[in-house]
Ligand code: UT7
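First, one chain by itself: the form predicted alone, in structure tokens.
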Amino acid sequence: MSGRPSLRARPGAPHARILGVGGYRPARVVPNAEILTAIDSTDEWIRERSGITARRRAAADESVVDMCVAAAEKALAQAGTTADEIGCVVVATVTHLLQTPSAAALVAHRIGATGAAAFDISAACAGFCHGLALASDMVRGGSARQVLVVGCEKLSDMIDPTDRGTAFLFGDGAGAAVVGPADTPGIGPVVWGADGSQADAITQDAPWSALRDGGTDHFPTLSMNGQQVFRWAVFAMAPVCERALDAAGVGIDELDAFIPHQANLRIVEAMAKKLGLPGDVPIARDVVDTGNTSAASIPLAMERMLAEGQAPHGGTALLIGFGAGLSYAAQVVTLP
């Protein structure tokens, strides 16, 4: 034997960027007044604490996969891409209520991405930014020429409508992005991590096995320590944003948009202040009438800012997702 064989490497693109973005918002609008029928609160309190006036809720027969497909088709159309050009589908979600098969595999089949790799990631509200980082690496590494990343949640399945701390926050929806090759960098280096020591700050209040074993008398729902999450998001995430800017070589005054996870308006505005964001940089405020849609919130906010002219096509935006885990991911991107 003359020696070990030399392995071939698949060449990738020099860089990656977002080619198109699309969103899906369920038709049903749920104002604060409807939330107040089940919790002891007021419209004024909800607005003061979160900035939220309304949120969207999916129909009973509308699934995570249905919403993913609707958002994906819009993103593909904006990117000028057909489904058979997609080499991988990544779905970020914590509300696909099947352990298997993955939502991504079902989405790939539904949109006609025949033969594409497909998998889900569970990073809650940071999921879309995690998916974007993986997609960029796949395109540059040569394992997929184009990648579809979808953030989608049907949080209405996981909310206790009588929980005063969470019932008013969450909404349903999906946002998608197509990532493909580029001649110049369009997705900056990701800055990401997790702090498992605070995992109990946002959690499912019982495991699925508790339903089988009689350990709970209700369907498991989301539980959150709001004050703990607020402190962590505002004080720990601003430095992450700064590291993402440094990694991309972009100054804060060079941004055309700041698109953080739409946790609630108080967190968004407090983070911008902590970061020292210049007053002329537009900030995503989609949470006001969409609610907190977890993994879907950043692509939904991005689509809205572009559609309404709040941010320019081809502009530079800072993204940061943060949530249960406690997980986070941030990167600077060129907007499609």
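The numbering used is simple: start at 1 and walk along the sequence shown. Given the structure is predicted, the values throughout are model-derived calculations rather than measurements.
Just so you know, the form predicted in complex with this ligand exists too; it's not on screen, but the next bit is about it.
Trainee: Would Trp192 sit within 4.5 Å of this ligand in the predicted bound form, counting heavy atoms only?
Mentor: No, Trp192 stays farther than 4.5 Å from this ligand in the predicted bound form.
Trainee: Considering only heavy atoms, tell me if Ser143 and this ligand come within 4.5 Å of each other in the predicted bound form.
Mentor: Result no; Ser143 lies far from this ligand in the predicted bound form.
Trainee: Counting only non-hydrogen atoms and a 4.5 angstroms cut-off, does Pro220 reach this ligand in the predicted bound form?
Mentor: Heavy-atom contact with this ligand at 4.5 Å: absent for Pro220.
Trainee: Looking at the partner-bound form in the predicted bound form, is Phe322 within 4.5 Å of this ligand by any heavy atom?
Mentor: Answer yes; at least one heavy atom of Phe322 falls within 4.5 Å of this ligand in the predicted bound form.
Trainee: Choose from 220 to 228, 111 to 119, 93 to 101, 204 to 212 the stretch whose residues reach within 4.5 Å of this ligand in the predicted bound form, heavy atoms counted.
Mentor: One stretch meets the cut-off, namely 220 to 228.
Trainee: Counting non-hydrogen atoms within 4.5 angstroms of this ligand in the predicted bound form, say which of Ile39, Ala70, Ala270, Leu277 makes the cut.
Mentor: Exactly one listed residue reaches within 4.5 Å, namely Ile39.
Trainee: With this ligand left out of view, which of Gly251, Pro239, Gly165, Gly80 would have a heavy atom within 4.5 Å of it in the predicted bound form?
Mentor: Only one option qualifies, and that one is Gly165.
Trainee: Could you pull out the residues of 241 to 271 that have any heavy atom within 4.5 Å of this ligand in the predicted bound form?
Mentor: In sequence order, His261, Ala263, Asn264, Arg266, Ile267 come within 4.5 Å of the partner.
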